[in-house]
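What follows is one chain in structure tokens, specifically the form predicted alone.
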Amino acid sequence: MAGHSIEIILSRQLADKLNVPVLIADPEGNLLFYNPAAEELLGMRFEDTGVLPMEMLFKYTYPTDDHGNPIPTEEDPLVICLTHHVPAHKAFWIKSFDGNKVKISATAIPIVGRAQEFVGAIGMFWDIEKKV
């Protein structure tokens, strides 16, 4: 995380301690980190993918609506947050890296630096059909 703002570094430290799947992205749309809970749901370790362009994440997870129709990239909560710097939320289906289909609820919020500059976004998501 060298070269990233303190807010991104602290967000990663927080994400590492959460049991909910978390993604962290920079303003350019690069997936900088996802935590162990996200690794489990996505079916791939961050250590194996490293920093990943969002386009690759969408290519592998293939987000769809309840009818199997592809969700346009610009309607993804993390992309909305990165584009417009506002919170966003949506429920949809994804395919994990290992081929499992999962219905998730996803929320993204902007990360704003101390100088009020937009430094990225944090996305949280969870399997809404998983029984607790």
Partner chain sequence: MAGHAIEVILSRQLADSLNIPVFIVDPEGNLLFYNAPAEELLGRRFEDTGEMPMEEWSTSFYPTDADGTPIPSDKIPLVSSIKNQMPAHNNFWINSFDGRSVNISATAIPIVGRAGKFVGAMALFWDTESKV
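Residue numbers count along the first chain shown, from 1. Note that the coordinates shown come from a computational prediction; the quantities given were computed from them, not determined experimentally.
Just so you know, the form predicted in complex with the partner chain exists too; it's not on screen, but the next bit is about it.
Just one listed stretch, out of 95 to 103, 78 to 86, 62 to 70, 41 to 49, contacts the partner chain in the model of the complex at the 4.5 Å heavy atom level, and that stretch is 78 to 86. In the model of the complex, the partner chain lies farther than 4.5 Å from every heavy atom of P27.
Put simply, L23 is far from the partner chain in the model of the complex: not one heavy atom of it is within 4.5 Å. Heavy atoms closer than or equal to 4.5 Å to the partner chain in the model of the complex belong, across 13 to 28, to the residues Q13, L14, D16, K17, L18, N19, V20, ordered by sequence position.
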